[in-house]
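Have a look below at one chain only, the form predicted on its own, in structure tokens format.
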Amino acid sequence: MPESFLKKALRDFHPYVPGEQPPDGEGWVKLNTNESPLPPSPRVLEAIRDAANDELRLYPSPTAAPARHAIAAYHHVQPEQVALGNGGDELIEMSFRAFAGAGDRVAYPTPTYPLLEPLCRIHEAVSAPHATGHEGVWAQDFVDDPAPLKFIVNPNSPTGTWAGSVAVEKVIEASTGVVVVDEAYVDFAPMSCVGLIPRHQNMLVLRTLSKSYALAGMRIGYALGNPELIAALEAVKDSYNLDRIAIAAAVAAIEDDAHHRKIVEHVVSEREWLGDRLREQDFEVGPSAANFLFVKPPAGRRGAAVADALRERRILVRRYDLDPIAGWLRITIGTRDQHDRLLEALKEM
């Protein structure tokens, strides 16, 4: 990256790199970015068509009010306890803006979502990662960290591990700052921590419509928390950060719970089936509460080589090359046809 004009905090900076996005319609089996294997609700597509009208000349609601009210009703909270974002990533970035100044510590268990470290650099905060054990559970040093901002990705990415509410609440109770619980994958897990919000003024829960609502292409995320924290997010967000079409899509998606359940049930069922098939091929398969599996190839097969060989067959998975997860692969749960193609390719290799 050219450094002649960069601020000092971004010298030798390595930005977050999203998963590879090949051109649409070229026959790839895309199991690398945790998108939904099923399409969005037909009600969402209808709402998008209806919203594409003359009113696009007008700005949208600055607070995405229709979506804010629909999400509040769904979670049985007040609208002032909901903030919308351009995907979950914007809400993470808004949390940095609101709660972590230059020089402040930002703590999180690791390995986890690799966006957090670059955001620390961008905001000139001090990255404070805490290594987790084999089961993916944080140690007491993370609980005790005095950082004014902490993140817990639960279920975690890329490992897929899930921590119960008791472990999460222990962190919140010990923290004097804000604890952000990123629940992007929680619909595929046993339960959410949203129920803890009334007991804790320093807790935010982030959710997304990208995974279990099949709307990754719309970039819609939301935060839940006490009104004071939500007001802080609203104070630092970009103006009109959700457009009219995204707002309409969010309302339709939240209100079609039957379709949402269909996607979740498909993913959970296929996750179990694919995990069993991979174990039959001697892969190590970690426990997953998300819409992906975290796996290690059999002894003698390097993860990077497996990912490269799959790519030659137009099958994409996410590879990891840095310790402590070097050699592991993350495989998104897709359709049965996609899984059959993956498994056949692995047998050929």
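In this text, residue numbers run from 1 along the sequence as written. Here the structure is a predicted model, which is why all the values come from computation and not from measurement.
The discussion below concerns the form predicted in complex with a small molecule, not included here.
- Only one of 99, 185, 108, 213 comes within 4.5 Å of the small molecule in the model of the complex through a heavy atom, and that residue is 185.
- Scanning 177, 87, 275, 136 against the small molecule in the model of the complex with a 4.5 Å heavy atom cut-off leaves one residue, 87.
- Only one listed stretch (223-231, 202-210, 118-126, 73-81) carries heavy atoms within 4.5 Å of the small molecule in the model of the complex, and that stretch is 202-210.
- Of the heavy atoms in residue 147, none are within 4.5 Å of the small molecule in the model of the complex.
- Within this chain, residue 92 lines the site of the small molecule in the model of the complex, having a heavy atom no more than 4.5 Å away.
- Using a 4.5 angstroms threshold between heavy atoms, residue 252 stays clear of the small molecule in the model of the complex.
- Taking the partner from the other structure, the small molecule in the model of the complex has no heavy atom within 4.5 Å of any heavy atom of residue 242.
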